[in-house]
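Just so you know, structure 1 and structure 2 below are the same protein chain in two forms, each on its own as structure tokens.
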Structure 1
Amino acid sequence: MEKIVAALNALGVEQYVITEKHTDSLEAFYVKKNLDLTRRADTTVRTVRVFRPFEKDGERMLGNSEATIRPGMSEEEIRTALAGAWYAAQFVANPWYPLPKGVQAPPKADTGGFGGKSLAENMKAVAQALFAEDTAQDVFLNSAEIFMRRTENRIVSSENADVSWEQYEVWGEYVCQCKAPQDVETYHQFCCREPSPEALRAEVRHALAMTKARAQAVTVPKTGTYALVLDREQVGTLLSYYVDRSNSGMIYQKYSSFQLGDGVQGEDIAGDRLTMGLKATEPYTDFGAPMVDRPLVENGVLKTIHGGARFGHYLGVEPTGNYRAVTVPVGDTSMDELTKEPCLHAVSFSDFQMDALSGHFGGEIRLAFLHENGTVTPVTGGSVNGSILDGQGHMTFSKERFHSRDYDGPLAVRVEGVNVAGEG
């Protein structure tokens, strides 16, 4: 760090942000329940972002560029890398904006359940939870990968920032297999920042049940318009439309028309009114300023425009930092009530996506349950193609809750009038 700062001073760089990440990671690979391979990695990477003020056509500009400084680089190599970034910054003609002031604070330890334990201890606990529900013969986990990471973060800037914090994260993927009545495999992921063995066991239990249902599904849904029920991560993906559209970069560049105080859920709201909050998953922004939880939408009304320093200054709003996690209050309707009337309950897609520019969402159906005429039929095939602009006034949220790394809210949502391309 001292060598980097000395090189910056020698180059005459007055504004900069240095980000340091020291990562210790452990990876485990399983074939069925048998540990097949482990890998350990220990890496340190420092990224230096330099800011260069200049004038162009009589207007103040602030260019920026980055250099990566790796362990083992000599002082000459460090200076050469930084000089390249300093030279490149003059060609980035962004209108001038002030850099946010950072803070100086003692290091923050991770106070969650992973903190204070070795990666191996945490990995063992996660693996035990992952395989705890794998007890049947007809449907089982045929492979799994678990990744555990501990990161020591530090940010030092010319704007008075010097902060550091510890952070744990675990994520993984596993494949469930059912061999009869047809041999199928389904792919699943999990990710969390806090240990939650019961939640992981519940998700594996659900995945195994859905794999068994997928093995029985042979019917393709009919082409038509359906009430669509989405659950779990797909709810977070659907609601990411509001997070993306309220970002200051999207608004400044005219990709979004959202403004503070707008009724972003539309005017005719026959379903549940939307309330969302932004969750600070890291204690500091990338400039070393404190991050806090913020309201995003309250009863359908936009309360916060969020984003980094540059676009925030251009719009005249507070630079909040970049958020990716949201919290949403649960609704008043149970899952049984959500699916009581005819609907298509889609539980698995090849890749469910939301296009924040157009508001369209969709994906190819891997497994869904068709609720009609008092019967429930597992179906597979076809695709969903809907628009949140058409359905946002008719969303109904479940009172059951689901929690993942970046989404904490209703387990499911029912959206009326969604197009499904299928058979016939």
Structure 2
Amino acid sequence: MEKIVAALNALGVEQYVITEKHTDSLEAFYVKKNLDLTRRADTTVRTVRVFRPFEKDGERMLGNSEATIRPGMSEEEIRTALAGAWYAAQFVANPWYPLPKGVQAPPKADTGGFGGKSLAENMKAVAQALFAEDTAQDVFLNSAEIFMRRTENRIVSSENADVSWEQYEVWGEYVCQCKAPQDVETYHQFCCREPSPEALRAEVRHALAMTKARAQAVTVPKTGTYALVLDREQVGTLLSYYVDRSNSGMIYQKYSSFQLGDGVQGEDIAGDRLTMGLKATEPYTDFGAPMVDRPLVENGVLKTIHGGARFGHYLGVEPTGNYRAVTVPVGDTSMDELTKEPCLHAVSFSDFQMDALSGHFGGEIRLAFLHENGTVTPVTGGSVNGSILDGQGHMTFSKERFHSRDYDGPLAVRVEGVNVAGEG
């Protein structure tokens, strides 16, 4: 770090942010009931973003660019890398904006529960939980990958920041398979920052049950308009529209017309009014300023425009840092009421997507439950192609809760009037 600062001073760079990340990751790859490969990755990466003020056509500009400083680089190599970024920054003609001030604080240890044990001990405990529910013959875990990671992070800036923190995270994916009456699989991911074996076991139980249901699903839903029920991560994906549209970059560049105080769900709201919060998942912003939870939408009204320093300054709003996690209060409607017929409860897609620019959401259905005529039928195939602009006034949230790393809120949402392409 000292070599980098000395090189920056020698180049005359007055504004910069240095980010250092040391990652130690233990990884296990399972095929069927066998460990196939064990991996460890031990890497250190330092990046330096330099900011260069200049004038262009009489207007004050602030350009920036970044250089990666790798372990083992000589002082000359460091100087050359930084000089390259400093040179490039003079062509990045973005109107000037002030850099956010950072803070200086003692190092923060991760107190989430993984600390104090080796990566191997934590890994084994997670693997025990993951495979604990894999006890049946007809439906089982086909394969799994587990990544147990500890990172040490530090941010130092010319704007007073000097902060460091430790973070543990385990994440991974697993595939469930059911061979009869038809051979099918489902794909799942998990991620957590503190030991939660019971929650992981519950997720695996649910995943195995859904896989068994998919093996029963042979019917393709009929083409038509449905009341669509989405659950779990898909609710977070659907609501990411509001996070993206309230980003300062989207608003300044006119990709979004959201303004503070606007009703974001349109004028006719027959369903639940939306309340969402932005959840800080890192202790500090990219500039080393404390990152805090913030209200995003309250009763359908936009409370925060969020984002980085540049577009925040252009819009005259506080730079908040970048968020990826949201919290949403649960609704008043039980899952039983939410899935009252007729409706299509889609529990698994190939890849459920929300396009924040157009408001379209959709994906190919891998498993859904069709509730109609007093029966519940598992269906598969076909696709959802909806528009949140059409459906946002008619959303109903469940009173049951779902929690993942980036979404904590209602287990399910019902959206009326969604197009489904299927048979017929």
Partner chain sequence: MKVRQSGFIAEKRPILLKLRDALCAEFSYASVLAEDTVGRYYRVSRHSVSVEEGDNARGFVVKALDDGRYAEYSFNELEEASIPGIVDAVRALLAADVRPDGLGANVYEPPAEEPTLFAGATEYEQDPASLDDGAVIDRLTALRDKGLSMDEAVLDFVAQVTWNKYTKLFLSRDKDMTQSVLYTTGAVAAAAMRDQQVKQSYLPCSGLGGMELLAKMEDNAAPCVRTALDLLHSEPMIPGEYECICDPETTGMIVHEAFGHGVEMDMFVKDRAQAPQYLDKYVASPLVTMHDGASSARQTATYFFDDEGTAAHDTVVIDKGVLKRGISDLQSALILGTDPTGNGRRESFARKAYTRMTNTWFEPGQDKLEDMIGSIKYGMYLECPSSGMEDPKNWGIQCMVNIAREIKDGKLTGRIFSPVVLTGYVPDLLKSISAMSDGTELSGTGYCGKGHKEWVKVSDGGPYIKARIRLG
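Because the structure is predicted, anything quoted here is derived from the model rather than measured. Here, residue number means position along structure 1's sequence, counting from 1. Only residues modelled in both forms are compared. For the two forms, the rigid core is made up of the largest set of C-alpha atoms that agree within 1.5 Å on superposition.
**Q** Between structure 1 and structure 2, which should be identified as the form predicted together with its partner chain?
**A** Answer to the question: structure 2 is the form predicted together with its partner chain, whereas structure 1 comes from elsewhere.
**Q** Can you list the runs of 3 or more residues whose CA atoms move by 2 Å or more between the two structures, with the rigid core superposed?
**A** Core-superposed, the single displaced stretch is 31-36.
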